[in-house]
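A single chain, nothing else alongside it, follows as structure tokens in the form predicted alone.
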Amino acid sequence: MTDAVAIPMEEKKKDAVKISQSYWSLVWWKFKRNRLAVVAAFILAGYYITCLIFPEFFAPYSKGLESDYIEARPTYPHFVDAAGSFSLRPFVYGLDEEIDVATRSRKFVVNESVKYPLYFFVEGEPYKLLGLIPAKTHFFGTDPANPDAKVFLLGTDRLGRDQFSRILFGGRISLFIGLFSVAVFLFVGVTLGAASGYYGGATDIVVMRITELLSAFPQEPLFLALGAAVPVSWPSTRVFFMVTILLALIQWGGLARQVRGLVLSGREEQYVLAARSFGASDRRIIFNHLIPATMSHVIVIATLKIPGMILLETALSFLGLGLVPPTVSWGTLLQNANTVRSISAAPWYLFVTPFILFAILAYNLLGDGLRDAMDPYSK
């Protein structure tokens, strides 16, 4: 009998807590209960810290540093050597160059008699932190006093450049494209959608017909055509911004239609009518009242849209229709694995794939968590 009474009392206490707290505190409370979404948020934070903000610090080498180790295999850290001796400090084995008589090609084999200890916070190539602060400390590396000591966690490419370092630098471009293109996508979609829903009439007709026109074209052929239209003579920075803007401007129609529907239902709310009766301008009503009321929906859409933008950039760059070398992105890195010969001779070219997959998966889990958290009053 006591348990039967206690359970409803606990539910009443939870309902009272929900009523007494603000909307965003309830959203945060419900989001923290979704462990997968919290883990995904930490993974994405790690991505943006290591790839977008501080890749020069976390990468042992610069993205363009070439070496004599052409398509060298990865050198994985070890704590136990071939003789069974344990070491608290991790180390990597050296690599010896050999000629494969069968394939008449050069390859590198592990030399277990040569060990190079790994150190943290070592002096290396000079760089500018955040593009402003001169520095030369790297998160990890080998003894800087030994020029023969090298560490290639994910192998090297056909020019002897460290793949791990290039994946970190490539993540800066791909992740920034996802953020910047979604920012443009949100600005255009939310603004035009709000104007269409608030004003109606000719504005609504024009905006909706444009969205229908954009949705009438199949996405993949349209992206391929626009990517092929970018002149090959353009510098990499111009191509980068052009690809980013194209990705955003083609896909804003769906968001505009959703925001239009929310604004249509919200423009007759009491707070909007009160603002209009006090003489508030249309601009103030739209940007201070109607658009903020749609933010919970827009945030979820943005979180789920970023991975799509990253995949589109990767696909276009892989096909040679987006970013091209020497610009380093995850898509251009995948170009190294576009032949059977490349994959068979250097399968570590595919190591960029898990970085892309985990980023996409983390964004999807975060978006699902935010979608549930934005409705905090549901069970």
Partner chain sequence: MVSFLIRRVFYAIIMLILVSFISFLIINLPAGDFMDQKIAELEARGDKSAVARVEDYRVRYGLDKPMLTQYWIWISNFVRGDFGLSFQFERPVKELIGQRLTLSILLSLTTLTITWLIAIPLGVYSAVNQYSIGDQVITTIAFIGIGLPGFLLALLVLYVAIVILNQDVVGLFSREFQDAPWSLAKIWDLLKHLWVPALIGAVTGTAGTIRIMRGNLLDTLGQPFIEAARARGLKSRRVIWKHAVRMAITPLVIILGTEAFPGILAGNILVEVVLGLPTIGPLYINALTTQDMFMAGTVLVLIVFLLLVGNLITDLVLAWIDPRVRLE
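Numbering follows the first chain given and starts at 1. What you see is a predicted model; the values in this text were computed from it and never measured.
Not pictured, yet referred to below: the form predicted together with the partner chain.
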Open item on the list: Contact with the partner chain in the predicted complex for Leu95, defined as at least one heavy atom pair within 4.5 Å: yes or no?
Closed with: no
Task: Phe217: touches the partner chain in the predicted complex, heavy atom cutoff 4.5 angstroms - done: yes
Open item on the list: Using a 4.5 angstroms cut-off on non-hydrogen atoms, would Ser344 count as touching the partner chain in the predicted complex?
Closed with: yes
Open item on the list: My question is simply whether Pro221 lines the interface with the partner chain in the predicted complex - judged by any non-hydrogen atom within 4.5 Å.
Closed with: yes
Task: Candidate from Glu212, Asp143, Asp148, Asp100 lying within 4.5 Å of the partner chain in the predicted complex - any heavy atom - done: Glu212
Task: Contacting member of Ala337, Leu52, Ile43, Ile70, with respect to the partner chain in the predicted complex [4.5 Å, heavy atom] - done: Ala337
Open item on the list: At 4.5 Å, heavy atom to heavy atom, what parts of 286-311 sit next to the partner chain in the predicted complex? List them in sequence order, or say none.
Closed with: Leu311
